[in-house]
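Let's start with one chain on its own, the form predicted alone, as structure tokens.
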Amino acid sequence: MSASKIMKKLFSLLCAGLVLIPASVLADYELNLTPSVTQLGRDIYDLHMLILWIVTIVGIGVFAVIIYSLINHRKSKGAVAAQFHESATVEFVWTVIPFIILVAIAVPATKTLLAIEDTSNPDLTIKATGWQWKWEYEYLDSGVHFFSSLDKASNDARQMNSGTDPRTVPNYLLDVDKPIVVPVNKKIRILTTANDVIHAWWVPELAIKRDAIPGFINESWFKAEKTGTYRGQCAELCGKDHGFMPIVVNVVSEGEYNDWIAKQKKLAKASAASANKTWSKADLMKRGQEVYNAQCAACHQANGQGIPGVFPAIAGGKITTGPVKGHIDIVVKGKAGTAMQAFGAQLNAADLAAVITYERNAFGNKTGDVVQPSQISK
């Protein structure tokens, strides 16, 4: 069979295969970039499409010449290679044409790259710090500060033997307990860094992706032109729970944003006040369970059994049933050389007291100890 007949046969088989694929499958099989709600995102998309079409045309042209040459200038047809050396015309053509192509790419690419890096004159600046495995946000203009972790529904469903079908959880692994909130049509500068290992702050619809590296501050920005909720993830392999530190950005009107900032400031004052009061054991246990499920269950399991050989059990553990001071120290300061983080920088005194009280009185631990916020020393 000749080469031309083989190619025709392969092409017909390919077309037949595409016809047999259900339309619903083809509809979900998307290859292009995520549509953006920012002008910068649309510029990136346009640049991507321009370069894609240029390289596609060049590729088709090059391979067409190669295939034509293979078919029509093969030895079996009696073709004899031409003998020549140097051609000023050919050298001029193969120099000028690539130069023109590169200029056509370089001009819009340079313009877009400069726009990506232009973080000047922001309306709002947020510092995003990556932790294993959550995000810390600081609104540098207003003083609002909080941690954002995987939401409870996703966290419960992803546990071993949870009994929950993840498909029944809305936005599974893409929702958080505390999303960041920003005003629409405002330039938002994001400063990214990390506390432990390299992370990456990535929200496709906002056309933003920037590495978060310990000891460094990287800048990026976005300006959302449409209100809504936009979801992203850590885009750097940062450890065992890499897939469980999503990013959620709520873009709202300026009035709603101002109301949200006022609410966060009230919550911060209430949190500070909670460290100065004496809590009942029942209240500490209730709050401690919430903190444990959000912060501790990922490693020590929702039932407190831990993971043998990896993470120690809370139930009957040496720390959780031993001296209170030792328990407070390891929760607040962490433990070097292990995955145990220092939660003193992440939780307020009331939350720390609550989770320690809970751990000492849950999962069969019956120490009877009640830890008050005044006992927490950071």
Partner chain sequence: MSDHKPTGITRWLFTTNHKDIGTLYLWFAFIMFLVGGAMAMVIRAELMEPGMQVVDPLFFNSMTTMHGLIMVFGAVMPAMVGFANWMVPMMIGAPDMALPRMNNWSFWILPFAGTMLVSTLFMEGGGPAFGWTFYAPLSTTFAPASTDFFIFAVHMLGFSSIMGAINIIATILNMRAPGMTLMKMPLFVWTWLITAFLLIAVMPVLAGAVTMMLTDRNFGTSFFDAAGGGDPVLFQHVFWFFGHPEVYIMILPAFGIVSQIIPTFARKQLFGYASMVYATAAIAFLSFIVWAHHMFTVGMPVAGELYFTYATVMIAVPTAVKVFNWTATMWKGSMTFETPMLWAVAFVFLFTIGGFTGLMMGVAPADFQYHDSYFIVAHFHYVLVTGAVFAIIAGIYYWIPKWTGNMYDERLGKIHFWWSTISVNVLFFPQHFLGLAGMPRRIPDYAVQFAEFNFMSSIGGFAFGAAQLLFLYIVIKCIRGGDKATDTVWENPEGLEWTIPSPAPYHTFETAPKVK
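The term rigid core refers to the maximal set of C-alpha atoms that superpose within 1.5 Å between the two forms. Source: prediction; values computed, not measured. Positions refer to the first chain, counted from 1.
Same protein, other form: the form predicted in complex with the partner chain, not shown, and the subject of what follows.
- Scanning Asn276, Ser120, Asn258, Ser87 against the partner chain in the predicted bound form with a 4.5 Å heavy atom cut-off leaves one residue, Ser87.
- For the options Ala297, Val176, Ile213, Ala268, the one in contact with the partner chain in the predicted bound form, meaning a heavy atom within 4.5 Å, is Ile213.
- Using a 4.5 Å heavy atom cutoff, none of Ala104, Asp329 and Ala342 lies near the partner chain in the predicted bound form.
- Proximity of Thr34 to the partner chain in the predicted bound form: non-hydrogen atoms within 4.5 Å are present.
- A residue is said to contact a partner when one of its heavy atoms sits within 4.5 Å of a partner heavy atom; Ser280 fails this definition for the partner chain in the predicted bound form, lying far away.
- The closest heavy atom approach of Gly59 to the partner chain in the predicted bound form falls within 4.5 Å.
- Not displayed here, the partner chain is kept clear of Ser253 by more than 4.5 Å at the level of heavy atoms in the predicted bound form.
- Of the candidate stretches 177 to 185, 141 to 149, 260 to 268, 198 to 206, only 198 to 206 has residues whose heavy atoms lie within 4.5 Å of the partner chain in the predicted bound form.
- Taking the partner chain as positioned in the predicted bound form, none of the residues of 314 to 328 brings a heavy atom within 4.5 Å of it.
- Put the two forms on the same core and the Cα of Lys152 is off by less than 2 Å between the shown form and the other one.
- Relative to the superposed core, Cys299 undergoes a C-alpha shift of no less than 2 Å between the shown form and the other one.
- Here Lys226 does not count as shifted, since its C-alpha moves by less than 2 Å between the shown form and the other one after the core is aligned.
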